[in-house]
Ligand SMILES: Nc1ncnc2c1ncn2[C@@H]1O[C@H](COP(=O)(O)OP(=O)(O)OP(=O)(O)O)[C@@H](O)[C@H]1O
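Next up is one chain by itself, shown in structure tokens, the form predicted on its own.
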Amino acid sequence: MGIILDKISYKYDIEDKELSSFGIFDISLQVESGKAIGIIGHTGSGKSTLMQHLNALLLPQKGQIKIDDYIINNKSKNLKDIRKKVGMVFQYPEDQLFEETVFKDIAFGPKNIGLKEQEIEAAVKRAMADLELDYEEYKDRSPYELSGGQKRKVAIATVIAMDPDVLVLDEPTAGLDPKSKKDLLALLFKIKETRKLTVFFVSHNMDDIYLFSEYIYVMSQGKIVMEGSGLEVFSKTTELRELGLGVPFSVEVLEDLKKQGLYRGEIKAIDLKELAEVIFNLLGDKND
């Protein structure tokens, strides 16, 4: 059935008049189940506020959200059920680890929702396997002894272990080195496919957004101002820069090549393999 946001608004009650416009305003969108949705926008554009509505951390002051048969509005009471259905991974989620062992941290959510002991163990094992954390090697270790990338995986496993239908990722690769970031994104996409999750992916990294997302919403001043596929959104380079946003690395390179008269093709986002092929072909033409 998917997710439907129907004219939702939430305005922060802030005395400072310059900040009183912060929030989200009259947002409507419809997302099909199983899709990967990218959300981009400058700092303060309303991305995090919008995402916090999806699992009822914030309730809309106006409008409503429908997630399958669940309704979220300003009168919603079944918040525990919503939060089981919609898992949220905050920026730097490893800061929320608190148990003595990896097993206990990942088991906390399943235990809290009343699963039996065998069900809890099965949920932990599956979540750890999804994040490529060997169960026997890591289950009894303290999360504080792990590397940054391993901690991040454990923190995401704590959310995955709840078996949500929807996953909200707020800057999931922030602070990771390039290899760890690439590996984690690949794992997240694999998890999305195998568990058939609907994923909302918030990031300031335009390359990550382009590679991961099937559809993108661009936010500014609490509203959706642009939407479309990665190719559609990232072809509007002027509009994106006017909004204070960047573009994928491939777009920057193609723009520079075009300015130098070396490239006459279409400026669009492409992956690094395609970009390498473009450059290789240009070098071949030059040598000829």
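Note that the structure is predicted; figures quoted are calculated from it, not measured. All residue numbers are counted from 1 along the displayed sequence.
What comes next is about the form predicted in complex with the ligand, which does not appear here.
In the predicted complex, at least one heavy atom of residue 171 sits within 4.5 Å of a heavy atom of the ligand. Taking non-hydrogen atoms only, residue 43 approaches the ligand to within 4.5 angstroms in the predicted complex. Looking at residue 204, you'd find a heavy atom of it within 4.5 angstroms of the ligand in the predicted complex. Using a 4.5 angstroms limit between non-hydrogen atoms, residue 91 touches the ligand in the predicted complex. For the marked spot (12, 22 and 47), a heavy atom within 4.5 Å of the ligand in the predicted complex is present in each of the three residues. Checking 234 to 242, 66 to 74, 252 to 260, 47 to 55 against the ligand in the predicted complex, the stretch whose residues place heavy atoms within 4.5 Å of it is 47 to 55.
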